[in-house]
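Shown next as structure tokens: one chain only, the form predicted on its own.
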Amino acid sequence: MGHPYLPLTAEERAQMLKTIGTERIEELFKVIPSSIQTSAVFDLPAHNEVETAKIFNRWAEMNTPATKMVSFLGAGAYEHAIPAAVKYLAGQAEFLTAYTPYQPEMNQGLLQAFFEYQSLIADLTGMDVANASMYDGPTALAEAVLLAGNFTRKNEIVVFPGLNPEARQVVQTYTRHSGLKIRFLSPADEPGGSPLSFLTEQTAAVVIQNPDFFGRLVLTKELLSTIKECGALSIVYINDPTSLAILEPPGSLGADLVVGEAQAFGLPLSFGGPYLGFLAAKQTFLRSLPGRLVGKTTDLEGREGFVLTLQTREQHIRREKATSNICSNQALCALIATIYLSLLGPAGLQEVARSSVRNSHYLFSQLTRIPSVKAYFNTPFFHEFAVDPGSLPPDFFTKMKDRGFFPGYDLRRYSPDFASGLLLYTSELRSKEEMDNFCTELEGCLAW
């Protein structure tokens, strides 16, 4: 195994291996299943640049991007229209090194962009403060869970039903050795219709996704007030924050922490990343936030300037005083979200949200006119909803793809309780003709 990019001599590598107690570098990769190791081929054939590009293009064509299909697939990653100016502005030379601005005097433009991002997120969520972004929604939620445990000195987190399964997995991984007990409730855990009966004196926080994974609108002021009366913090998780353009902000309803995924703000689907996590909070938690915050100030000559005000991570302060060991943020993604929101403005974002709601409710009404298709839930929803189409043919998804459609998320992947459920999503991108054609093709595929 060669190491052309490591400036180490053979003797130095041997000494490192001896120190960690192994003789061969290959032994470090035993954690990879042998079935994968034996099938992996790392030796590229002897092709020139043009031939290699053709090979990679041929491989790329094996994928079917959502942009070439009529997609009704959401489930945590949402396709919205992205103004052409977003990519152009984000690619300006001033932003090409969108990383940690260790020298504020050299990074005023970037710091201002982060400050504007924080202001936009705080305004949308109705919170007092937001940090300068995080890796993605699930890690932002996991950090909020840890914050709640550390702040309250309690060891239990209650998670309401309907949390995105990927966020659930990340929270479990994050907290595995934290001493926190995570209680994931299911609909069956609601005696008398109230999961709040599961709260105890050791409950640090309650996590509520809104809209939840099934698109249902479940957040109310009364619910958050009851959680507060029980002595717990409330963490609201949001998968598509375009909903905040027309829904009352969680902060106005009484939420303590609002976290989520901001991919919908100008970021393409991109096979799952990079995405953008946001974390906003009430003023009480300012010094407990993970990551970093940008503040605005004036210098000795009275000129406006921007600095990293709080940097409570282990790279900046003593490790034992760090609020988190998260090492960075999604700076370029936060910049893109800032540009996207600035271009659309309040009215533009509201129109995106309203168009998505109109389309989703039209699609829902058309689908449920098909005799075999029934609604799974009789609750208000934003732009995503679950239906039971009856028995799905074995090749249903392949047939629909051949007809040019991604027909939603197969809820059997979420839980075996869903025998044939579909989770469907629409945005402002879908036309009435596309939705009508989809319903016609879906009805034909179901009549097998």
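Rigid core: the largest C-alpha set superposing within 1.5 Å between the two forms. Numbering starts at 1 and follows the sequence shown. What you see is a predicted model; the values in this text were computed from it and never measured.
If you look for the form predicted in complex with another copy of the chain, you will not find it shown, but the lines that follow are about it.
J.: Look at the stretches 224-232, 370-378, 152-160, 78-86 and give the one with heavy atoms within 4.5 Å of another copy of the chain in the predicted bound form.
T.: The contacting stretch is 78-86.
J.: Evaluate C439 for contact with another copy of the chain in the predicted bound form, applying a 4.5 angstroms cut-off between non-hydrogen atoms, and reply yes or no.
T.: Close contact is absent here: in the predicted bound form, C439 is far from another copy of the chain, nothing within 4.5 Å, heavy atoms only.
J.: Give a yes/no on whether V50 approaches another copy of the chain to within 4.5 Å in the predicted bound form, heavy atoms considered.
T.: V50: yes, in contact with another copy of the chain in the predicted bound form.
J.: Contact between D417 and another copy of the chain in the predicted bound form at 4.5 Å, heavy atoms?
T.: D417: no contact with another copy of the chain in the predicted bound form.
J.: Mind listing which residues of 398-432 have a heavy atom within 4.5 Å of another copy of the chain in the predicted bound form?
T.: The stretch touches the partner through L429 alone.
J.: For E51, does the CA position differ by 2 Å or more between this form and the one not shown when the superposition is done on the rigid core?
T.: True for E51: a C-alpha shift of 2 Å or more.
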